[in-house]
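Given next, in structure tokens, is a single chain: the form predicted alone.
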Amino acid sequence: MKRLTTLLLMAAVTLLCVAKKSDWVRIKNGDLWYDTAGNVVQAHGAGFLQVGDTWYMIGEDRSRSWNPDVNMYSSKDLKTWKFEGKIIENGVTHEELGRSRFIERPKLMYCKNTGKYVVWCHWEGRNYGASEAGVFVADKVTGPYRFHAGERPLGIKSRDCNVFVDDDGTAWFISTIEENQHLGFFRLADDYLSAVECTQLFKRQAREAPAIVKVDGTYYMLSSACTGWDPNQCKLSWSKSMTDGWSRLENIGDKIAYDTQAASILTIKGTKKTTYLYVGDRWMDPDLPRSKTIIFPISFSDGQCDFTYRDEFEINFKTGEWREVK
């Protein structure tokens, strides 16, 4: 009986160790992503929304290069991706999509005030002459999404973009404005469907691909210069207010942001730690349809950002910890 008890105890300890080990997910950069059906993941310029323990990712389907649909995928570990469908589709969601209109950088939010899911994106026309923002809305996270509006927010020319939802639920649409000269910080209405106020920042500094995160009461923004598909220096700015007091832009990382351009910053809140993950596009590697998505942990403190590339790392989504791969 004693031997049986000892064996059962050893088995229990083994199972516990296996369970703990399985909580760690290894993420490797530089390869194409494939969904659970074996197809290449197409979600460039990705936006993310966490619902419970599930991450929903939307992005440009560049399999046809110049007329992207918007795809949605879901994952619990940012590695195993299930294709949920085309939430915005050329000629279906809007008759001019794929003809006189195309979409870039779609971003997803949940509005607690209305219970709706809202997508903001760059809504563009031939030769980038429209310079508008597009808004889509759905009752469920997986859609179907309905076209709500396509216009210049508050009449201001708007292109490359992102969104940010603050702790109090206030939503912001951040985009390059007025022929890419400045950044426009647009505060959105309570239903997230329109802009109600704009603050022009970083005037004549030609920044794009803005990505904002809030850490310990401080807003941090990563952004790039406007150099088309070619990578350039990522720069950091920080402030205690969304509309005032932003620090001057400081270089972080190497001179080409490890061959990436910012798409999103994810917050992984665990039982032990909060980890921040940088998500960037490695455009034109080797071509537009096969551009890579790159993820690695970064950290923020006292107006600084540790922006160090990792070819691979491991993360525990339960505890929020990450570790180097030995």
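Numbers follow the displayed sequence, beginning with 1. Bear in mind the structure is a predicted one, so any value in this text is a computation, not a measurement.
Although it is not shown, the form predicted together with a small molecule is what the next lines describe.
Although the partner is absent here, Q261 lies within 4.5 Å of the small molecule in the model of the complex, judged by heavy atoms. With a 4.5 Å cutoff on heavy atoms, H182 does not count as touching the small molecule in the model of the complex; it lies far away. Contact annotation: R105 falls within 4.5 Å of the small molecule in the model of the complex, judged by heavy atom distances. Looking at D160, you'd find a heavy atom of it within 4.5 angstroms of the small molecule in the model of the complex. Heavy atoms within 4.5 Å of the small molecule in the model of the complex map, among the stretches 195-203, 135-143, 213-221, 228-236, onto 228-236 alone.
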